[in-house]
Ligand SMILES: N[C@@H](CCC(=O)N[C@@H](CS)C(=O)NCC(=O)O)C(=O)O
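Shown here is one chain on its own, the form predicted on its own, set out as C-alpha cells.
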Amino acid sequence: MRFRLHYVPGSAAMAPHAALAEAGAGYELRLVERDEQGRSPREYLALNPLGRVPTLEDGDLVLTESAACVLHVAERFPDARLVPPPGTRERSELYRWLMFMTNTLQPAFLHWFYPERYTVDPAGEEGIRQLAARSIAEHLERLDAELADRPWLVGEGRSGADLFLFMLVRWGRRQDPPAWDRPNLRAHFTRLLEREGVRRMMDEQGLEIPAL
C-alpha cells in the first residue's frame, strides 16, 4: 500500500503527512512548485483544479482537504489509533475538534496570511489582518484551556486532531504572542515533537525544529 502526497512545506499538508508517518504507511512525496504568482503547475491543476495542497492519492482515489486526508489515513490504518473507535464519545469529540479547527481556526489564519483575498479594497487589508489576529488569539486561548487537564484533545492518546492542532500551532509561531507561548499548547506541541512520525514529517518537509 503506497500513497502519494502532494505538498508545499509548512502548508496544510503537514497534518496528513504526519498521519502517514505516524501510521507507518508507505508513501511518496510530490512537491508542488508554484510560480512567482503562486500558481500551481498545469499537471497539478489537472489532479486538483483548485491548485491547493494537500492532495492525497490512494490508488485511483484523489482526495483533497487536509482533515479529510487525515481521517482517510486513520481509517486505512486502524492499528495506528489516529481516531477513537466508532460510536464512542471520543470519536464524536474528535469530529468536533477537527471541524472547529478546519471551519474556524484555519480560516482565521488564512485571513491573517492572505488578507488581500478577502477584500477588493487594499486599504481594508490591514483591518482584516488585525481582526483575524484577534480571532486567532481567542481560539488559541480556548484550545489552551481545553488542554489544561489532559495531554491530548480526545481520549488517552494522540489522534489525528492533535496532529492537526500541531500544524496550526506552528502556523501561529509569528502571532503576538506566538501560539506556543501558551503553556498547555506548548506542552502539547512538545509532546508531539517527541513522536517519531511527527519528527519525520518535519524533516522531510525541511522544517526547522523550534527550540522550546
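Note that this is a predicted model, so its numbers are computed, not measured. Residues carry their position along the shown sequence, with the first being 1.
Although it is not shown, the form predicted in complex with this ligand is what the next lines describe.
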For a quick test of understanding: in the model of the complex, does each of A137, R142 and R186 have a heavy atom within 4.5 Å of this ligand?
no
Please run the contact check for E146 against this ligand in the model of the complex: heavy atoms, 4.5 angstroms, yes or no?
no
Any non-hydrogen atom of R52 within 4.5 angstroms of this ligand in the model of the complex
yes
Check S159 for me: does it contact this ligand in the model of the complex (non-hydrogen atoms, 4.5 angstroms)?
no
Going by a heavy atom distance of 4.5 Å, is L110 a contact of this ligand in the model of the complex?
yes
Testing 148-156, 58-66, 22-30, 172-180 against this ligand in the model of the complex with a 4.5 Å heavy atom criterion leaves exactly one stretch, namely 58-66
Heavy atoms within 4.5 Å of this ligand in the model of the complex is the criterion; list the residues of 103-130 that meet it.
Q106, L110, Y114, R117
